[in-house]
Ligand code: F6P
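Quick heads-up: it's one chain on its own, the form predicted on its own, in structure tokens.
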């Protein structure tokens, strides 16, 4: 069998571990040939690939980023669908070009490693008649159908470490420190990092907040001799302003309390660097499971983790919705028990 692998969307720790898990299992266990496509779906459109060897996959387990490169190319995007065909004669849609390249290379399956956007495209390719399997990755942990995605744990460690460091500065200067974390339109990373690092206020998109509640919380803490506070803010909170989330919240606090307030936007530090041991293991498990599914000719699905068990969910489900936090999530309830405010 011949299989293709691509990594699409934003980079995150664990991608190389996933490529290695798929590739080595496919080669050593099932005797498959493995082709890596460059820069996500761009490589599939432009037929930019290389056949991978086991030696190329050795030693990449601990590397951040992706040896295949990535991009945010969306081949089904209506306003940018057209390209020349492989002979330079006439115009094809990008999905047409992908089908042509897939057929000409004689692929039996394409493995799409990515987040929500990638799973959506993978589902559309599956509907076009290609054999596709998705593997979920993202630091946002918002891919529907799996308890966790690889990349999340590594980002959680980076975010928690950053908040830990802010505690000492906040305490020394009696400041309010506002830190903005990634997460797109969900608050998984902010919730978990905020809890792990002792955030006093955690603002996430799933729980609408009120400015007066934030101000009230800060004032109450000051009144009981807690002169500094840590406010963890998810980038996707709704605030109706052109400012970034951290600046918006910091301005609310400054204006409402008069206390010295500083904001920090952690940014891409959360996405880079060496994957955590947990992410290396999960990505490897996902990868090996994908190769097993290909051997069994089970396509049109995404691999997932439920509890500690590997399973699959249909791409038609995973690629059409986002996993958001239930406001009554157990971790939120327990955070409230210990005095954490969610601004509501």
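A quick note: this is a predicted structure, and the numbers were derived from the prediction, not measured. Positions refer to the first chain, counted from 1.
Separately, the form predicted in complex with ligand F6P exists; it is not shown, and the next lines address it.
Problem - in the predicted bound form, segment of 195 to 203, 268 to 276, 128 to 136, 162 to 170 with a heavy atom within 4.5 Å of ligand F6P - result: It is the stretch 268 to 276.
Practice task
Look up in the predicted bound form whether residue 263 has a non-hydrogen atom within 4.5 angstroms of ligand F6P, and give yes or no.
Solution key: Flag for residue 263 set to no.
Practice task
Flag residue 219 as yes or no: does it have a non-hydrogen atom within 4.5 angstroms of any non-hydrogen atom of ligand F6P in the predicted bound form?
Solution key: No, residue 219 is distant from the partner.
Practice task
Look up in the predicted bound form whether residue 187 has a non-hydrogen atom within 4.5 angstroms of ligand F6P, and give yes or no.
Solution key: So residue 187 does not count as contacting ligand F6P.
Practice task
Verify the contact flag for residue 73: yes if a non-hydrogen atom of it lies within 4.5 Å of a non-hydrogen atom of ligand F6P in the predicted bound form, no if not.
Solution key: Contact with ligand F6P, no.
Exercise for the section: Tell me, out of 156, 182, 230, 237, which residue has a non-hydrogen atom within 4.5 angstroms of ligand F6P in the predicted bound form. Expected result: Flagged contact: 182.
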